[in-house]
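A single chain comes next, written as structure tokens; it is the form predicted alone.
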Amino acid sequence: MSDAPEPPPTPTPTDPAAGAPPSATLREAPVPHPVLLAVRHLFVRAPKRVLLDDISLELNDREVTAIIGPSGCGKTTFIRTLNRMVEVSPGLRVEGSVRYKGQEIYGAGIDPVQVRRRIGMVFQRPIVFPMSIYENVAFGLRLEGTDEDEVEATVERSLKRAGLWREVGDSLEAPALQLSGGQQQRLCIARALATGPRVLLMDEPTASLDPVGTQKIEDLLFELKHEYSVVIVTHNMQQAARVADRTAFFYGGKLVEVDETARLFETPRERLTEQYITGRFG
């Protein structure tokens, strides 16, 4: 992987479906500045409407960014563009630029599977495989052909980072489906962390959890941001205020405003933001 500096980004239309066969690799050069993901003039178009309309946003290393806005505003579509999960939805077309450490993730030959290893994702409802706790975390490592000793060490490390090791470390061979909802969500986080991402995308990760499970996930976010860039979609503005360093407000497929969380909630610049956070709509 080359450490040579990249030229400044020039947003260009990109159609993932028409890309060259995957062959290029994402570099793991040191981040020269805090911006880990840079989005420029991003559009996502469906056959009859625009889902995301000219989004430009920078996501910093070792920071939690919350994405808020009413239902249907483009929050989930946005984070799915950040690791090319949007491509699994037929008929959607991506235009613009998404750069990870300065490299275009929609560039010719870039393997989307490799992108998803660098930029992991946790979904709204836990997706637990019908196998043991251990094998759930080891799943991605086995696909990569990782040595078994490294698999064992990584499973333990990932469960510790996800705050689950103390609860399951003595029962790794137990079926993962026997875990509580909150434990299953933390298991999904451990599985995402096992492949070594730098960015973790979380789409409403506490929406299906009780208050105890929600609190554990929120506590975990404070730990994870010491090593990762975390992007969380949430419908809960109180949650955004508790966990996020910065918050971005989306409406109608557009980015209305982004700022430090306290400033956005206390003194928003845009009237539309003020109306949303004071409950006048949404």
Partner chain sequence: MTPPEQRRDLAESLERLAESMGSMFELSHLALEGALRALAGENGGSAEAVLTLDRELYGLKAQVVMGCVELLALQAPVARDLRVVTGDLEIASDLDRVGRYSKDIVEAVHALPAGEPNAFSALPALREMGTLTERMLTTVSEAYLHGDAEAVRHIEEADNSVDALHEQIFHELVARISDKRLAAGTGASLILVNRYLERLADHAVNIGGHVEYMVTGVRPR
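All values derive from a computational prediction rather than experimental measurement. Residue numbers count along the first chain shown, from 1.
Omitted here: the form predicted in complex with the partner chain. The next part is about that form.
With respect to the partner chain in the predicted complex, the three residues F43, E58 and Q103 uniformly fall beyond 4.5 angstroms at the level of their nearest heavy atom.
Within 4.5 Å of any heavy atom of the partner chain in the predicted complex lies no heavy atom of E260.
Contact annotation for Q238: at least one heavy atom lies within 4.5 Å of the partner chain in the predicted complex.
For the stretch 266 to 281, the set of residues having any non-hydrogen atom within 4.5 angstroms of the partner chain in the predicted complex comprises E266, T267, P268, L272, E274, Q275, I277, T278, G279, R280, F281, in sequence order.
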